[in-house]
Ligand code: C2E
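Given next, in structure tokens, is a single chain: the form predicted alone.
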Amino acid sequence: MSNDYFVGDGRDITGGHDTDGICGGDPRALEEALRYQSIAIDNMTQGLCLFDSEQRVVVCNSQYRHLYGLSELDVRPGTTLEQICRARIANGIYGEDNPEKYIAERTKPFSTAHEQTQRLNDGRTILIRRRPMPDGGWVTTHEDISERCEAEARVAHMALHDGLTGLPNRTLFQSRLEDAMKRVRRGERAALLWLDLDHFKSVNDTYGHPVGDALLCEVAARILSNIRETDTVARLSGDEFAVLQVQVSTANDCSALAQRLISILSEPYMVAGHLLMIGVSVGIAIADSENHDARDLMRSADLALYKSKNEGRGTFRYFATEMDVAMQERRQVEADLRAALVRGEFQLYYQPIMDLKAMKPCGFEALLRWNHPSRGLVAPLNFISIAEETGLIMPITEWVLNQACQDAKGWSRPLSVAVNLSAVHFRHGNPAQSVRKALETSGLDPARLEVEITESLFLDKTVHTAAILEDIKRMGVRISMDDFGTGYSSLSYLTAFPFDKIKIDRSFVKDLPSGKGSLAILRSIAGLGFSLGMTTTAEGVETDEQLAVAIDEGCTEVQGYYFSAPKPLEDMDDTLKNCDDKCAGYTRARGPKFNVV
């Protein structure tokens, strides 16, 4: 290699060119200095190449050769830049698909310092800096920044993609949705499908989050395999996904995709040795020339999804304007509910429960009513589900417990009071603590309190239902299974926990005495209660005939409009007197045939 080297200002520092002032003119000192300079250049982390004004190599270090797979002969002094480019083309390490274009680009003259990145054919990324020299030559450095670029790409990907499934996240999805809406404004049609997995929470709760996460990845893969490359699927949060369907011709395109997704996502999954079954509900909103706002479209799809889930899950629904009206109504009810407790708008009504053996009132069920400032008296059917969905049911239940215990403490007769406990309270609250606090605050004898739960509570395997009920039972409080026989009935519930009472749902009473199926069910439940030593209460008794059947089939208690509709506390004494009169009249009417349990 030549001993001709240049310093930063372009001066030749070799013999014959003003070297007297360098190293004191001592040739050995100069040679030593040049040796160290050569070592320094060869130990640079960047590749370096110095060219003269004729584009010929003056100096080239070993790192430059290694970057491009070149030999010393390929970059010896005097080699032209074009020859180096052709050597790189020969070994396949260059940055253009067209070799001649690559050579033309690399050998262009330039006059100002600049830098650029170049993606090589082998996948590496090189940062190239070029700086002109005063004599027309230039110095260039080449640095492999592939790892840095990959790290930056990973960070950029993480910012826009879901870390678990690798799908676009909400940020990237909204960006693509905005782009699609621009095309919609130009006449295209698009659709947004909002997906929410059914029964996913039970998988997480039963098998743990690692299995749940693996299941979400399987779901993402199935969705991806069933959409076009032009469409976008994103994981928005938890078990919620969205599909942006572009270039939609008709609503049938959306229906076909929704049905396909429902079918494929409902097929069994084998995850970590577990056979899992879930489903999916879908809400669809279509964007066209009249509906092309991204936020409105997302909101519409979400409303359609809400409708789909409320109508049984495992299906799809299209957005309709009335859904928006219903949702606005629901949100208003939710807002009003939040203020109702503070404003003291709740009130308890009481319906008597009749002891058929003594033929007299033995207790009352506390039933919640809402005195809405503009709607008037609102029944639980119209707001309890919203209270449960929003978590407001917990403070409401605590209020009911406290108020019912306080009211019962002041009754003229020491009758029991029954209060319903929501399954939501068991999942997210501490019902045993709430019961204990209500009893302590009111001073009510625990034996006079009865708490009612429904069978649906036992479906959630993650809640330690039995332990909580045992805690309540130890206080001396009675426990009833409400609405028995509807939907989830299982005798294992009765044997797993010693209930004090079974309340037979009104749906089995309303058809009496003519309904043979209802009669058989009532008879079976009454017999089961007798065998297990439990009280059985027939709900919804409204006629003499229904009361007679309840008595004849062995029920121990009844409740219903036959004796009294739910009444406010101030009507308590009148209600008791009316019940006494009703019992006396019924007993006289049946005469000697009156055969109570």
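The first residue of the sequence shown is number 1, and the count goes up from there. Just so we're clear, the structure is a prediction, and the values are computed from it rather than from any experiment.
This protein has a second form, the form predicted together with this ligand, left out of what is shown; the following refers to that one.
- Comment: this ligand is not present in this chain, but in the predicted complex one of I386, A214, L367, L81 has a heavy atom within 4.5 Å of it, namely L367.
- Screening E452, E96, D74, E345 for any heavy atom within 4.5 Å of this ligand in the predicted complex leaves a single hit, E452.
- Using a 4.5 Å cutoff between non-hydrogen atoms, N169 does not count as a contact of this ligand in the predicted complex.
- Interface residue remark: P373 is not counted as part of the site for this ligand in the predicted complex, having no heavy atom within 4.5 Å.
- A residue is said to contact a partner when one of its heavy atoms sits within 4.5 Å of a partner heavy atom; D302 fails this definition for this ligand in the predicted complex, lying far away.
- Residue contact check for E188: none of its heavy atoms lie within 4.5 Å of this ligand in the predicted complex.
- The three residues D198, S308 and T390 each lack any heavy atom within 4.5 Å of this ligand in the predicted complex.
- Screening 416-424, 226-234, 88-96, 254-262 for residues having heavy atoms within 4.5 Å of this ligand in the predicted complex returns a single hit, 416-424.
- Taking this ligand as it sits in the predicted complex, the stretch 560-574 comes within 4.5 angstroms of it through a non-hydrogen atom at G560, Y561, P566.
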